[in-house]
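One chain comes next, on its own, written out as structure tokens in the form predicted on its own.
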Amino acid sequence: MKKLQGCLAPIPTPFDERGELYFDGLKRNLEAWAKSSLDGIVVMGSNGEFVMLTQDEKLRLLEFVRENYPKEKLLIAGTSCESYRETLFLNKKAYEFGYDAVLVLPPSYYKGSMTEDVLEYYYRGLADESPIPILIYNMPANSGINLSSKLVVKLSSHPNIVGIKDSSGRIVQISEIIAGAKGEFAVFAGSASFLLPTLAMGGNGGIMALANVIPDVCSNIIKSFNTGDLLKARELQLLILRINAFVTSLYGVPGLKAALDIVGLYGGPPRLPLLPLGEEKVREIKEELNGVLERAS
């Protein structure tokens, strides 16, 4: 298995103006990301609007990306579904297509019943039955469930549970996972906003929306940290905080897609019920993005 580390982008799913999958735009983006300093990508994560996709669309998307992205780079599939069986089905399909790992959220519709015992049983069951390594995905802002450090450390003992993308932003919790996890368990910051703190505590990298838009700047934070240039890493980390908020907490997927259009990649419209940003917000993103690129060069 490839080493789980570095800078990864959870890529958006391109749609055309009719809301259909737009593979021409996706291919153009994949070519650009392949030439960048990204270590890999994640398909059908939160930024991929996976909850808006039919199962047929998910399979077509998984197959297309595998065929059009370099084999030497990390390729991870988001396979989260409310149904255990459907998640397992997608895990098996990702394995058949040749993905390196899958990223799995906890089921959350019956969140009141999702105790730590239930979630431990869920993840261990998937790991036992899946032919592909599993990364846990902690995204309490969307799922309404925070996977505790105690639970994640327990799950890290399973040989087929190989890491976590933690988007909680709770650096103490992330640090506790790093301190207690077993073996080569990989810990990724789930947002560029806390990439450097995660690295400083011993994390392996980041799976970050902003890496779609300015991959080389995000990668340079990791490179600067790894080479001991902490001042440069800190400077870049502080520089990207505001633009990161625009493509995550403030404007979400529509903000990310607008930013992609600004940098010359294909963003396009989100799928309903999400709506494109208005002109004023797009202009705000463009101004901030141009400033970041100028200062980071």
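Numbers follow the displayed sequence, beginning with 1. Quantities reported herein were computed from a predicted structural model and do not represent experimental measurements.
As for the form predicted together with a further copy of the same chain, it is not shown, yet the points below apply to it.
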Find the only residue in Asn204, Asn220, Asn160, Ser175 having a heavy atom within 4.5 Å of a further copy of the same chain in the predicted bound form.
Ser175
Could you tell me which of 91-99, 70-78, 165-173, 212-220 sits within 4.5 Å of a further copy of the same chain in the predicted bound form, going by non-hydrogen atoms?
165-173
4.5 Å heavy atom contact with a further copy of the same chain in the predicted bound form for all of Leu53, Lys111 and Arg234
yes
Using a 4.5 angstroms cut-off on non-hydrogen atoms, would Val253 count as touching a further copy of the same chain in the predicted bound form?
yes
Should Glu86 be counted as a contact of a further copy of the same chain in the predicted bound form, where contact means heavy atoms within 4.5 Å?
yes
Does any part of Val104 reach within 4.5 Å of a further copy of the same chain in the predicted bound form? Heavy atoms only, please.
no
Contact label in the predicted bound form: Ser193 to a further copy of the same chain, heavy atom within 4.5 Å
yes
What residues of 197-236, in sequence order, lie within 4.5 Å of a further copy of the same chain in the predicted bound form by heavy atom?
Pro197, Leu199, Ala200, Met201, Gly202, Phe225, Leu230, Arg234
